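So this first bit is one chain, no partners, the form predicted on its own, shown in structure tokens.
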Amino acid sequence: MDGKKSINIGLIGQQFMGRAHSNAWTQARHFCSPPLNPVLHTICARNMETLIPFSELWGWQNTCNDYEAMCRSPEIDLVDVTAQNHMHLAMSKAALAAGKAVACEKPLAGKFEDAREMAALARKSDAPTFVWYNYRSCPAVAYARQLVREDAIGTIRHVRGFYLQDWADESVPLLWRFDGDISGSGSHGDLCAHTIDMVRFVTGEEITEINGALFETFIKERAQVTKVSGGGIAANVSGSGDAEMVPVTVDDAVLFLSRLEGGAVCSFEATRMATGRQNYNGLEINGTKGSVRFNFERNNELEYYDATGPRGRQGWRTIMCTHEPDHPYSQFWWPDSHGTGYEHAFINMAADILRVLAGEEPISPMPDFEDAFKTQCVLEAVTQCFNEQRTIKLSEVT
């Protein structure tokens, strides 16, 4: 960025993603040798009582509770938005208006109209934009993309995408993730958005139509939240025994059928109620020469099936994607098979963002607002398919 050697980060949000991003910017500098040094300049959030200790813990130099003022500050170079989905538009708009680079959490927005406006604003701006579809930066996922591009599995025929969790039982009160006015959707936008982006990223193909969709909300009411602490999705959240019951206005589960531009047929499933699955995010892609399969609960591994040899020798092989120099990002981390975890995808992506801002090529292509809007169009097409009970072409969704 104009010959600078460092970049001042302004982060909005101090909860689950606030922690993940604070760690990512810090560790990217320590491990990934980025061309720009990320400076934890300002952390912005509403609750100043908890913000001060958060800033001290993570090493943020300044605190504030006015994101518009932070965006206008000449000292801030990049605004990192980890706030709730319904605030993505307003915060990104303020940052772009001030000429700042923006890195926004996924999905691009809670509402389709907001996402469309964000993409339009980015087209009119010279400022770089990024969206935190961090699973692209898992070494195994990036390697799966590499295998597909090398024609290791041939023409793609089938894709199965899934994101299964089990944390949202009846004991969990009405977090913001269950409020449609704030989140926009439930497992659809929160979970399935990741898998849609992963399929687009690995296959290099766009989804062209949605052929059938099903949404279900199993728990219709939840207790009003009375206490929130901690930084996990539902960690240390409670509703008292006599708390008011509040309607749930999002889906608990979604399934849909679709087609890729190359002709492959696809199925997607996402839920927060798959008992026994904590973070089972992945895909299986079947081609004419072979297949690849990934599941984040075994995030260092990629399964590969080579169908080009004699039938009697064919079988699934498990590739440990930690070997330098064969696997993406492996040069930054530990010796072979020592493993990486959830945090490392964020760190890898943060380093790639810094490479892009310095005018260098990222290791994995980074999703900008325009790219993330394509995933948002798929989310919208699925919703339209369910509501109208007909096939929706992505060309109808603009």
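When you see a residue number, it is the position in the sequence shown, counting from 1. Worth saying up front: this structure is predicted, and the values here are computed from it rather than measured.
Missing here is the form predicted together with a small molecule; even so, the following discussion is about that form.
Taking His194, Arg145, Arg222, Arg116 one by one, only a single residue has any non-hydrogen atom within 4.5 Å of the small molecule in the predicted bound form, and it is His194. A heavy atom within 4.5 Å of the small molecule in the predicted bound form is found for exactly one of Lys111, Arg200, Lys100, Arg177: Arg177. The stretch among 303-311, 72-80, 160-168, 207-215 whose residues place heavy atoms within 4.5 Å of the small molecule in the predicted bound form is 160-168. Although the partner is absent here, Tyr342 sits close enough that one of its heavy atoms falls within 4.5 Å of the small molecule in the predicted bound form. Within this chain, Asp190 lines the site of the small molecule in the predicted bound form, having a heavy atom no more than 4.5 Å away.
A residue is said to contact a partner when one of its heavy atoms sits within 4.5 Å of a partner heavy atom; Phe294 fails this definition for the small molecule in the predicted bound form, lying far away. Within this chain, Lys106 lines the site of the small molecule in the predicted bound form, having a heavy atom no more than 4.5 Å away.
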